[in-house]
Every structure is written in C-alpha cells, then in structure tokens.
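The form predicted alone is given below as one chain in structure tokens.
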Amino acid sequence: MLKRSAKGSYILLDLPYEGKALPGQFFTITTSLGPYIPRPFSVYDLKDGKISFLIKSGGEIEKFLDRAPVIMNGPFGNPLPELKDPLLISGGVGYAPIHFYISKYGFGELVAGFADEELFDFVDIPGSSVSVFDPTTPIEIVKFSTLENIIACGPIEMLKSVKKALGQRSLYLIMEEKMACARGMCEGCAVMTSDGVKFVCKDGPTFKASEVDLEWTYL
C-alpha cells in the first residue's frame, strides 16, 4: 500500500512481512517491471505483520510502485546498538531508521531536521522532541546537548557537522550510500575506516564516527 504526503514529495510504502528486522537494518526493493538494480531503504516501522519504508519521491523506483508487484529482499546490514538515553539526530528521510529505533528502544533526546513542513506532517514525531526546518539545521540545536550516546542519520554534510561538533562522544553514524548488491560484492558503497576500506551494505550501515573518514572518496 502506498501513502503519499500532501504534495506528493514523500511516500510511505507498507508491505506485508512476517519476518524480523532490527533498527538500523535495511531492505532492497524493486518490482517485477523495474528498476533493474534494487534500491536500498531503511526500515521505518515494523509491526502487526507489516513493514514500512519512507521514500523521497523522484527516484526511478517511484514510477513502478503503482504498476507492479514489489520484490523485497533483506534484512541487510548490522543493527544499531541499543544505547542508554541516546541523543538521536536526523535529517530529511534519514528519520526512517531513527523512527524505527524509537519504536523499539526509546530515546533521551531527538532533534529532527526537515526541508519543509510537508515531511514533518507526514511522519510520526514524538511530542517530546525538537524539530527544525531549513535553513535551521539540527547541529544548531544538538551542540547544546550534554548526552554522551548519540546516533545520527541524514545527508553527508549533516553527518560531517555532527562529527565535527560531537565526535569526541560515543557517536554512531548511519551512512547512506548508493549500492547494487547489498552484499559487498559490487564494491559500490565503499567507505574508508581506521581498519581500511569497508562497505556500507555488509559492514554498516552504522559506523562509529571515530572510525570512519567522511572526507574520503572511492575512485
């Protein structure tokens, strides 16, 4: 089932699923008509025999979702650690794994950044959280937090800012990279870590901020 936001910029895709998944893991999705390469999406919610994914409109997969049966594989990746009273930080659709984490483990503080109110009105945000809208960024708020355990997911520039401001704490980053196989075979989602090159799909998608080089590019 597809649910679209008010202006159609975002989609919640609900699929029947009786299996298991943990916060931080992702699935690959395509349809019987395409796209040829499945797309990775973090779990937004999982309950009552239904799994949900938050999708930003405009991608190739969108034109197939209404026309053909969905093919889903997973879960892939390593789950997030269960932390004590964590500060959770999200940007845009990076809120998806944060939402799933909250539903399973709760949180200490949450700062969620949105480009506009359309996405804010579309997703479930806890009442005790802080939401900010462009041009205000989450980093302008989270730098005042005193919490030690932190999880962040969002655009790479946001992750860089979070690491710069809070990297001395116990900070985990949920990485977003393009990938094809989701098994580390195509090497399309490489990242440099203190232990050498790793892959977001099979070694992540979560990494300790102290271990990953966000400035590195795979040539």
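Sequential numbering from 1, following the sequence displayed. None of the values given here were measured: they were computed from a predicted structure.
One more form of this protein should be noted, the form predicted together with a small molecule, which is absent from this view; the next part is about it.
Residue 176 within 4.5 Å of the small molecule in the model of the complex, heavy atoms: Output for residue 176 is yes: heavy atoms within 4.5 Å of the small molecule.
message: Does any part of residue 172 reach within 4.5 Å of the small molecule in the model of the complex? Heavy atoms only, please.
response: No, residue 172 sits far enough from the small molecule in the model of the complex that none of its heavy atoms falls within 4.5 Å.
4.5 angstroms heavy atom contact with the small molecule in the model of the complex for residue 154: So residue 154 does not count as contacting the small molecule.
field: Non-hydrogen atom contact residue 49 with the small molecule in the model of the complex at 4.5 angstroms
entry: No - in the model of the complex, heavy atoms of residue 49 and the small molecule never come within 4.5 Å of each other.
task: Identify which of 139, 80, 110, 93 has a heavy atom within 4.5 Å of the small molecule in the model of the complex; exactly one of them does.
output: Checked against the cut-off, the match is 93.
message: Only one of 61, 191, 158, 150 gets a heavy atom within 4.5 Å of the small molecule in the model of the complex. Which one?
response: By the 4.5 Å heavy-atom cutoff, the listed residue in contact is 61.
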